[in-house]
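What follows is a single chain, given as structure tokens, in the form predicted on its own.
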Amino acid sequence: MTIRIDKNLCDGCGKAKEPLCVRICPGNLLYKDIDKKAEIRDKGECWDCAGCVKECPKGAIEMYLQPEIDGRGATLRAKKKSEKVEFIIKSGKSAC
């Protein structure tokens, strides 16, 4: 499993020197790219902790889930609502 960063939503936490996702990543895998947006160094090294998913204020990061959870391509995204975080699972199951 790994994460995907939606570059259309990510703003690199504005003018912050270090985006929240970069600060929270225990594997030191995230950084600001040349466009000042979050990027992952090596998807294969991701620990699947979902810390960056939870901390992203824009909801720009989603984590791919194991196929056993809800089919191939299922993802987990977080939406911050003041002090609470709502986790959203997008199904990977194809419609019949």
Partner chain sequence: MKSDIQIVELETDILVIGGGAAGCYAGIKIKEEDEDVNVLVVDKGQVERSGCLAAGINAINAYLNPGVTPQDFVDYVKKDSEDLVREDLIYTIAQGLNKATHDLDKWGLPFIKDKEGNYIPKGKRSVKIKGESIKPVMAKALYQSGARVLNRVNITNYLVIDGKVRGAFGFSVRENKFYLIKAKAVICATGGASGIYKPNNPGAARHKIWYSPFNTGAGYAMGIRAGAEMTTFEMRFIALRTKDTISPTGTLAVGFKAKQLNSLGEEYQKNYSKKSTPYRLLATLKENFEGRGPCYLDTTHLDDHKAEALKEAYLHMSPSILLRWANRGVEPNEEGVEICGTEPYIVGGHAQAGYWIDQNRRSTLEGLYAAGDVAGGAPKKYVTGSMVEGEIAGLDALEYIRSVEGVDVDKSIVKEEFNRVVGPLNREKGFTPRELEERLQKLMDEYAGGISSNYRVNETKLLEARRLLNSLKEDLVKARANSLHQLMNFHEVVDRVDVARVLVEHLLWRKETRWRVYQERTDYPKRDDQNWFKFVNSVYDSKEDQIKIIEREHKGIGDLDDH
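All values reported here derive from a predicted model rather than from experimental measurement. Residue numbers count along the first chain shown, from 1.
Below, we refer to the form predicted in complex with its partner chain, which is not included among the displayed structures.
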property: Ala60: touches its partner chain in the predicted bound form, heavy atom cutoff 4.5 angstroms; result: no
property: Exercise: Glu18 in contact with its partner chain in the predicted bound form, heavy atom 4.5 Å; result: yes
property: Contact of Glu39 with its partner chain in the predicted bound form (heavy atom, 4.5 Å); result: no
property: Contact of Asp35 with its partner chain in the predicted bound form (heavy atom, 4.5 Å); result: no
property: Residues of 52 to 74 having any heavy atom within 4.5 Å of its partner chain in the predicted bound form, listed in sequence order; result: Lys54, Met63, Tyr64, Leu65, Gln66, Glu68, Ile69, Asp70, Gly71, Arg72, Gly73, Ala74
property: Cα-Cα trend for Asp70 and Cys46, given that in the predicted bound form the distance shifts by 3 Å or more; result: closer
property: In the predicted bound form, shift in Cα separation for Glu68 relative to Thr75, 3 Å or more; result: farther
